[in-house]
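Below you'll find only one chain, the form predicted alone, shown as structure tokens.
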């Protein structure tokens, strides 16, 4: 299989998400080429293959019309069977434009590969379904954190300059940081997060109490925020915040890939869950199989007594 991987460049930096594209391609044993609108004098992807590079000073970090035209030229040269983006604001915008131009199937938010087919979440990530494109070309976007290749990216690419029409109907004016309001979990060294397993909104106080005893803040997974048990500015995950505390305590969190992507940079992870087979156990340094309603009050009392 031939794949074209679309890397991203934002605020004068190459995004590490390109390594996840390589990890995905590796599961297919695919022959890969890569496309990037970036700075040839700056950092380039560690990738032993053809890199089609367009100048960011000419085409901009975000210019979907111009980037689509550049990509169409590269697709014509490479004739890939699959074109792969990150499931990011860049990918959300550009992938469907490209799919429409190529009349290709698009599969969004891929979280796994099963026997050469693509696995995507369904029913608000409560279920998964396995799909495959039925045309000559399939376009896919990958959920952040679903395919990890932290240390395997290596090599120097063969750089091929790409040029085309530079004007588009959209101009990037700049970036604006999101307002966190109240608490900013991205700066917290200790985070204790509540998941669906807390059972009811009254039990959020148990999580908040442990966080206070540890000198940290409490967070939550998406289902807890969707249920309006916790405000959105405390949500950890791909649709919330990406955090990197020294200690992350996951309480009643199963470990959906969307949540793991938001806390994967934590230095030390403690998980508390009644299900010993919960996926969170695969990333936890300490996994306590216990009822959090019984364990959290005891832990909090012991910490307060120190």
Partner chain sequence: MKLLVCIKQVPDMESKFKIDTDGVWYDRGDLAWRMNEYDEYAVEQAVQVKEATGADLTVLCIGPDQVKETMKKALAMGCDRGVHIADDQSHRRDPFQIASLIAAFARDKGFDLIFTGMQSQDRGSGQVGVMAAELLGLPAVTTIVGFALAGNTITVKRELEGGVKATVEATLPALVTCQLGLNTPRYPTLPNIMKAKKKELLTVAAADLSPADALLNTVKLTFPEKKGGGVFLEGDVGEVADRLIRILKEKTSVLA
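The term rigid core refers to the most C-alpha atoms you can superpose between the two forms while keeping them within 1.5 Å. Worth saying up front: this structure is predicted, and the values here are computed from it rather than measured. Positions refer to the first chain, counted from 1.
Although not depicted, the form predicted together with its partner chain is the subject of the following passage.
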Selected contact from 183, 105, 160, 112, since only one has a non-hydrogen atom within 4.5 angstroms of its partner chain in the predicted bound form: 105
Segment assignment from 24-32, 50-58, 37-45, 233-241: heavy atom within 4.5 Å of its partner chain in the predicted bound form: 233-241
Exercise: residue 246 in contact with its partner chain in the predicted bound form, heavy atom 4.5 Å: yes
Heavy atom of residue 226 within 4.5 Å of its partner chain in the predicted bound form: yes
Contact of residue 69 with its partner chain in the predicted bound form (heavy atom, 4.5 Å): no
Heavy atom of residue 154 within 4.5 Å of its partner chain in the predicted bound form: no
Check all three, 123, 190 and 282, heavy atom within 4.5 Å of its partner chain in the predicted bound form: yes
Residues of 194-225 having any heavy atom within 4.5 Å of its partner chain in the predicted bound form, listed in sequence order: 196, 214, 222
Flag for residue 292, CA shift 2 Å or larger between this form and the one not shown after aligning core: yes
Threshold 2 Å Cα movement between this form and the one not shown for residue 51, core superposed: no
Displaced residue check between this form and the one not shown: residue 137, CA, 2 Å or over, core reference: no
